[in-house]
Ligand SMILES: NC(=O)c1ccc[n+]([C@@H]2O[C@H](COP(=O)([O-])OP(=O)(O)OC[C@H]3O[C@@H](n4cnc5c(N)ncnc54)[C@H](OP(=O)(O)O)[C@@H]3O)[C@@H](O)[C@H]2O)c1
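Here's a solo chain for you in structure tokens, the form predicted on its own.
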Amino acid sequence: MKHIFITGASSGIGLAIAKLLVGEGHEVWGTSRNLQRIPKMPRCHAVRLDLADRLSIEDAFNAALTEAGYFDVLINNAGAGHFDPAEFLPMETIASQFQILVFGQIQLMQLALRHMQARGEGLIINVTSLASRLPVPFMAAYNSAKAALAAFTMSIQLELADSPVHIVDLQPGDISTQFNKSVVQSAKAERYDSKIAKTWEIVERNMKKAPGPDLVARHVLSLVNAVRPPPRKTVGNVFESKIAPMIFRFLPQRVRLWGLKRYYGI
């Protein structure tokens, strides 16, 4: 039985992970901005945490740590999206995306690392996204924030090469959740209208055909149980998780851009 701290446990991937972990007998501290949204489950402790608030992050983690005594695993999962032309994205929106998807998660990682290094063991799973390598049009802030967290994760993996604390970059592709319904769209730009419509149509179509969050949860469970977890794991359908990343790794940027534009019909 392990003590596990997971952000964004009230819906989607986070909720699926929390349910599976408590079902396997682990003790889970799951966070949400609204505690009422976290279902009551045995061995699941609801923690209020707002990634937009730095003080909330430290207070929430330390309070949970005091209650738990120790944490074997941190899962940085919570997220938010924004769908608009990069040309018109307000700096406040970009800053908000980076606070939630990068700075807040790094802060939690640092808090957990201090504790885990002292204990001499631990696992941190940063849920980034395949969009960090295969960006989605009109989600520039989300794509770049996920890429930043992936790069930070790889940097810290280098620095902790001989450490008993393992860090994993978990990159889901399209996963069928309610995430798209929470994606904010606000900017109005006539010359982008047709491209935005085409892209969103593909995004919605892919989401309907995508595997469910239980697939990610099963991969997380395998990482939690692994003696030496891999530094990076991609999760999704076969094309997204295996074929596309391998092909794109060897293509020049011009060809990558051409392929993605064709894919999204823009």
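Only a predicted model underlies this, so the values are computations on that prediction, with no experimental measurement involved. Counting begins at 1, following the sequence as shown.
The discussion below concerns the form predicted in complex with the named molecule, not included here.
Here the chain is shown alone; which of Arg205, Lys198, Arg33, Arg232 has a heavy atom within 4.5 Å of the named molecule in the predicted bound form? Of the listed residues, the single hit is Arg33.
Is it the case that Ala68, even though its partner is missing from this view, gets within 4.5 Å of the named molecule in the predicted bound form, heavy atoms only? Close contact is absent here: in the predicted bound form, Ala68 is far from the named molecule, nothing within 4.5 Å, heavy atoms only.
May I ask you to state whether Thr177 is within 4.5 Å of the named molecule in the predicted bound form, using heavy atom distances? Yes, Thr177 lies within 4.5 Å of the named molecule in the predicted bound form.
With the partner left out of view, is Thr153 within 4.5 angstroms of the named molecule in the predicted bound form by any non-hydrogen atom? So Thr153 does not count as contacting the named molecule.
Test of understanding: in the predicted bound form, would Arg37 fall inside 4.5 Å of the named molecule by heavy atoms? Output for Arg37 is yes: heavy atoms within 4.5 Å of the named molecule.
Out of 77-85, 190-198, 157-165, 109-117, where are the residues with a heavy atom within 4.5 Å of the named molecule in the predicted bound form? Heavy atoms within 4.5 Å of the named molecule in the predicted bound form occur in 77-85.
Does every residue of Ile13, Ala52 and Ser129 put a non-hydrogen atom within 4.5 angstroms of the named molecule in the predicted bound form? Yes: Ile13, Ala52 and Ser129 each sit within 4.5 Å of the named molecule in the predicted bound form.
Listed by sequence position, which residues of 138-160 have a non-hydrogen atom within 4.5 angstroms of the named molecule in the predicted bound form? Heavy-atom contacts within 4.5 Å come from Tyr142, Lys146.
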